[in-house]
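Just one chain is shown here, as structure tokens, and it is the form predicted on its own.
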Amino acid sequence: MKLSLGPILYYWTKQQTLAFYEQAADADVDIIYLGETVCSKRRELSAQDWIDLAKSLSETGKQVVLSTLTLLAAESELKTLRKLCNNGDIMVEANDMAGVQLMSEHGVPFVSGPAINIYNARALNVMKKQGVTRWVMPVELGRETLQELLADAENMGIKDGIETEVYAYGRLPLAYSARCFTARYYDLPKDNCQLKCIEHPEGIAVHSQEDDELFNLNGIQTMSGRTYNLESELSNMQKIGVDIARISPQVDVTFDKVNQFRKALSGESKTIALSEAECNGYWFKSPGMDQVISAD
């Protein structure tokens, strides 16, 4: 099984971002996704900066993929999307149907991101006809659904030629809104948000009245409060046909997690327990914030 590094979902400074990808270039991952996927106002790096960085990283021998915005609402965002999709060299991860349409029109193979709702093999077949060669399972789906979907895909004769990737570590991107929750937190209008997200490199924690870490606000994106961690499920993922496990960047811990996942894949790690701040519920068809101990 391959390991991938997902796109940075938070708003980091240009210096932080470039320093992160310097480390990523030497990290033990097979695939690196990069690009702005949450908010078009986050312009520490321009579209051309992302393309140039992707080309530079591809010289390391890793596969590099440009990820596109998830919720497009303006012509300027479509213009950026077209620039990424027309880069002519680097593979693209389409995170909304506008990206799917552009890549399909170009007749170029692409990745379907986790925000694209592929819930069954028939939907996967539709996307395959558009040019998808890899799909990332929506984060709210779990093992049982994936097993059924891949079995149906096998029966339909469409499984070959499509890689399956699972979001295996990081806060879960649960929802996107036309409204900005970080701006609202500061009582600012979205149009004058003052780019407050950059002051929160891991978002803003939201607690319930019982003081549970319920959600995490990241601009227009609502994330899980707890960090999703499927490290203990890597062997089961391999058994059911998952090709790639995705690690989503978090401040400070990302490359330690890459090393832990690599050790788990090689069988070096025997006992893997979740911390109190981690969850794995969706994988086991339970509430996402739950911790479930596998019976396997």
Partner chain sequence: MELVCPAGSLSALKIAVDNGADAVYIGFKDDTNARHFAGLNFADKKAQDGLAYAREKGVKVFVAINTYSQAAGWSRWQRAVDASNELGVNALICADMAVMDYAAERYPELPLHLSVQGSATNYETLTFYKNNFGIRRAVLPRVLSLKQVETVAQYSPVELEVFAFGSLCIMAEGRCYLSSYLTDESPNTCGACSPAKDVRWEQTESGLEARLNDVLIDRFEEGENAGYPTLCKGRFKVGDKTFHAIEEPTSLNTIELIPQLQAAGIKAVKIEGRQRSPAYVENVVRTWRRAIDLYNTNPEQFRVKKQWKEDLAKVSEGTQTTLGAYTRAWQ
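Positions refer to the first chain, counted from 1. Computed from a predicted structure; not experimentally measured.
Only in words, not in the display: the form predicted in complex with its partner chain, which the text now covers.
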Thinking of 100, 179 and 184 as the candidate spot, does its partner chain come within 4.5 Å of a heavy atom on all of them in the predicted bound form? yes
Taking the partner as it appears in the predicted bound form, which of 23-31, 63-71, 240-248, 259-267 has residues with heavy atoms within 4.5 Å of its partner chain? 63-71
How about residue 279 - does it come within 4.5 Å of its partner chain in the predicted bound form, if we only consider non-hydrogen atoms? yes
With heavy atoms only and a cut-off of 4.5 Å, decide whether residue 143 touches its partner chain in the predicted bound form. no
May I ask you to state whether residue 172 is within 4.5 Å of its partner chain in the predicted bound form, using heavy atom distances? yes
Heavy atom to heavy atom, is residue 106 within 4.5 Å of its partner chain in the predicted bound form? no
Taking its partner chain in the predicted bound form as the reference, which of 115, 197, 84, 168 has a non-hydrogen atom within 4.5 Å? 115
